[in-house]
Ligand code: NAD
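Consider the single chain below, provided in structure tokens and representing the form predicted alone.
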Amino acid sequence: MSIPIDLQSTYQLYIGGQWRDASDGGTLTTYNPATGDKLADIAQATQEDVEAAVAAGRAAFPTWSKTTAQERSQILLDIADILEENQELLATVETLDNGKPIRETSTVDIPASIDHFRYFAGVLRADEGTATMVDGSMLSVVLHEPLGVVGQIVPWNFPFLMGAWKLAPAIAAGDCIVFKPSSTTSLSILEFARLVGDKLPAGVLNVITGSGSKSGEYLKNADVDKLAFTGSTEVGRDIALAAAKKIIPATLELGGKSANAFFDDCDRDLAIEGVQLGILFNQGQVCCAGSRIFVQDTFYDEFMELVTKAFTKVKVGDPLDPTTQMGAQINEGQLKKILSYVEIGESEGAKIAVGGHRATEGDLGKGAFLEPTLLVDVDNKMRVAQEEIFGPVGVVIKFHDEADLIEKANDSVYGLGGGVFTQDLGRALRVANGIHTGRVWVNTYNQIPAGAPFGGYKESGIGRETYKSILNAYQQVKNIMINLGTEPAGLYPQD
């Protein structure tokens, strides 16, 4: 597999509108998970570098925060245009760095990211304050103001798209940003900064790279005005605690173990695609993956015959091949973790219906590839049904009726996503309302457009992204009360 683009051999930090090495010269190496080949070296930010990035944001904020909504909206539109012009480049970089198929990065990740910048350009123009008369003589004016410097941390599963989810509303709000991508997948965001950096005043966007245990920890504890994090619940809890200590807001999009439910009246074609969308999209490395596959007992055998056959036909292969349907896991460590869960499931009494092994045919042996996998004879109390595997491993669980499904679906510490497949709209709405989760798809799965709120209940996080309400999370609300009366209230008589 040849690399069809020219990557830089080394990527620096982007601080204050300038590219610079880490203060101690430290670097990390990023690899192609499909081949194991080295892609590039990236800078390992020190605490000094993170502090410099925050300082650059502080210096830029007084001027940037005074820009008009029209000016910031136009910048977001300009950014979207630049990304659209470089869509093929960005999709390819994302595929090389992450291992996901080019058909996903070119049709989902990058186009959806572009649309997020355009969406928030529009949201910003419609973000108006209010003026309300209170008690007849008091005018209450409500203004929205930017927070200041925000720290943003995104994971490796959707490096560019998660970046767009966070960057677009923060830019729209008038904040300055210190952004940290995963050390495993930093290249697409670094390319983003290279492409659009000069569209923003120096210091508005700062990109610091490095390991989570170093640069991530430095940013978590830095002098910022907000923290935004997408990743594991375990790390998200630490982010929330760090924000609480500083008494600053935090938005968190965390883990999941989502229920994807199939009733016996479901459309079979939609259902089979829905299972695959739920657990095979992005190799199952999706926080809202439909990893608990609930099947009504009245058509379980038929369902398993259909879905097992479909899984055996999935093409696992070179992520740059446009016909590849499932690419590589993010790295060897994640692959081993996923396989360890297959072993745990078997030890708990589950059986492998399909898959369950790494894919090694031909050149696949060079990378971190896994077969699409389904475990059956699963009880909802098993570890494989309660813990996030984060790979293409679905666990199949029987249910009897709506009440049984809702009870089992809610038996989880998570509440991020969910799916219901049925041709009975009333049933779909009853189940969707009954499941304690932030997003429920009906007769589809893993659709993530701008303009629809995404976020979780319970240990799946705090806040909603991809929707106009996230703009509020990057703003302060100021209230100005104006007395229009001409007479004193009389609480303190002067006579």
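As the structure is a computational prediction, the values presented were derived from the model and not from experiment. When you see a residue number, it is the position in the sequence shown, counting from 1.
Below: the form predicted in complex with this ligand, not depicted.
Novice: Tell me which of 291-299, 126-134, 83-91, 216-224 has residues with heavy atoms within 4.5 angstroms of this ligand in the model of the complex?
Specialist: In short, 216-224.
Novice: In the model of the complex, do Asn157, Trp165 and Gly212 all put a heavy atom within 4.5 Å of this ligand?
Specialist: So, yes: the whole triplet contacts this ligand.
Novice: Of Gly355, Pro146, Gly317, Gly231, which residue is found within 4.5 angstroms of this ligand in the model of the complex when only non-hydrogen atoms are counted?
Specialist: The residue from Gly355, Pro146, Gly317, Gly231 that makes the contact is Gly231.
Novice: Just to be sure I understand the contacts: of Ala173, Cys287, Ile110, Ile177, which is the one whose heavy atoms reach within 4.5 angstroms of this ligand in the model of the complex?
Specialist: In short, Cys287.
Novice: With a 4.5 Å heavy atom cut-off, would you call Glu388 a contact of this ligand in the model of the complex?
Specialist: Judged by the heavy-atom cut-off of 4.5 Å, Glu388 is in contact with this ligand in the model of the complex.
Novice: Heavy atoms within 4.5 Å of this ligand in the model of the complex: does Glu253 have any?
Specialist: Answer yes; at least one heavy atom of Glu253 falls within 4.5 Å of this ligand in the model of the complex.
Novice: Using 4.5 Å between non-hydrogen atoms, is Gly418 touching this ligand in the model of the complex?
Specialist: Gly418: no, not in contact with this ligand in the model of the complex.
Novice: So in the model of the complex, does any heavy atom of Pro392 sit within 4.5 Å of this ligand?
Specialist: No.
Novice: Let me know which residues along 299-324 have a heavy atom within 4.5 Å of this ligand in the model of the complex, or say none if there are none.
Specialist: Residues within 4.5 Å: none.
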